[in-house]
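Single chain ahead, written as structure tokens, the form predicted on its own.
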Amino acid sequence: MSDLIRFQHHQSAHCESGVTSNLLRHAGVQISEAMSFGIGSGIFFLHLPWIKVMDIPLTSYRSFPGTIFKKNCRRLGIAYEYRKFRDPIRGARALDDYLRAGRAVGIQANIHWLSYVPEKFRFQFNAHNLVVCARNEDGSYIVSDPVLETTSICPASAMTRARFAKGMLAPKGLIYFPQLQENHTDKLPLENAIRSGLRETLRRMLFSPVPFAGVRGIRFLAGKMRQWPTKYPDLAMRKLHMANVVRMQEEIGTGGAGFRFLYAAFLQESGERLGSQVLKDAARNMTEAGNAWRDFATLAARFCKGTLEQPFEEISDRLLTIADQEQAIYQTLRRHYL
């Protein structure tokens, strides 16, 4: 339990960036969630109509799960452990071995099976991240889930089921954590890591070779929405598709506005760290883009509730305006950091 006492739980806006920040802090690196999100190039946009999640096209506002943690470690020059398991028994044994050694570890799990999460917030999603801090004498686990206010208790059976759930983005018992010697924490290349994270984000958002990703992806979704009245004659199906886009933005995209507010905080903190007015101005503009995403979500929600008539051109136009806003931000940053 001594390791649990030393592990400080911090509530976060997003699970993976929160776990990354908390694990790095535990290892001696004082880094905010926003900074870990930006260094890990967490912001993105992707719309894939041909890939279905629960029979609804995939829309994502962030990078692929797992990449935020790994890119933080690589860009900061921190060694890390990252293990997956085929056998649930071996995976459970490995988790217990790390905990007995006093190691707090990050894991990936299906939030639906985490019994400590309020039932109304549980759904089939395999890419939820949390920290396991210790194991109790009764076999249950003490966990630091960054989207909750305090630590929680998770029964062993629920933990194993969540860690080895099947389906898209199956966690496969993933365990990960950074390895760092305390006397190295003051030598980390934070400023270079900030620039590396910025450059990758700019390349992905501005220069995607495919039409369904980056800024092009936002415009791609806008075009697809205009087709929904013809493609989905059933009003309930159109509402379901619209609700999913907003859900991915405001619930899965925790922190709101598809992570745009979180990325704005990264730009502001980076501007202060690097003494860059360009980054500070970009932070303000990204906050405005986040507000525009929120306005889009409000309009979409009105359609889903039946209080907005003939919405698709108006909602689509909102997305096109957002794409223009974000492109202008990235283009400005490109001139200085790419």
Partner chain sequence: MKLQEIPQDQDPAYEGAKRLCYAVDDQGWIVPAHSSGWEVEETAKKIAWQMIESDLARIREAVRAGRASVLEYFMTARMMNPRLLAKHMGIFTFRVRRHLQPRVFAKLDDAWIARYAACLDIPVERFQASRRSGNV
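Numbering follows the first chain given and starts at 1. If you're wondering where the values come from, they're calculated on a predicted model, not measured in any experiment.
The form predicted together with its partner chain is left out here; the points below concern that form.
With its partner chain left out of view, the stretch that reaches within 4.5 Å of it through heavy atoms in the predicted bound form is, among 133 to 141, 237 to 245, 89 to 97, 193 to 201, 237 to 245.
At the 4.5 Å threshold, heavy atoms of Thr287 reach its partner chain in the predicted bound form. In the predicted bound form, Glu81 stays away from its partner chain, with no heavy atom inside 4.5 Å. Not displayed here, its partner chain is kept clear of Ile43 by more than 4.5 Å at the level of heavy atoms in the predicted bound form. A residue is said to contact a partner when one of its heavy atoms sits within 4.5 Å of a partner heavy atom; His26 fails this definition for its partner chain in the predicted bound form, lying far away.
Only one of Arg122, Arg74, Lys231, Arg226 comes within 4.5 Å of its partner chain in the predicted bound form through a heavy atom, and that residue is Arg122. The partner is absent here; in the predicted bound form, the one residue of Tyr176, Phe85, Phe261, Phe212 having a heavy atom within 4.5 Å of its partner chain is Phe261. Using a 4.5 Å cut-off to its partner chain in the predicted bound form, not one of Cys15, Pro49 and Thr160 places a heavy atom inside that distance.
Heavy atoms closer than or equal to 4.5 Å to its partner chain in the predicted bound form belong, across 266 to 291, to the residues Gln268, Glu272, Ala283, Thr287, Asn291, ordered by sequence position.
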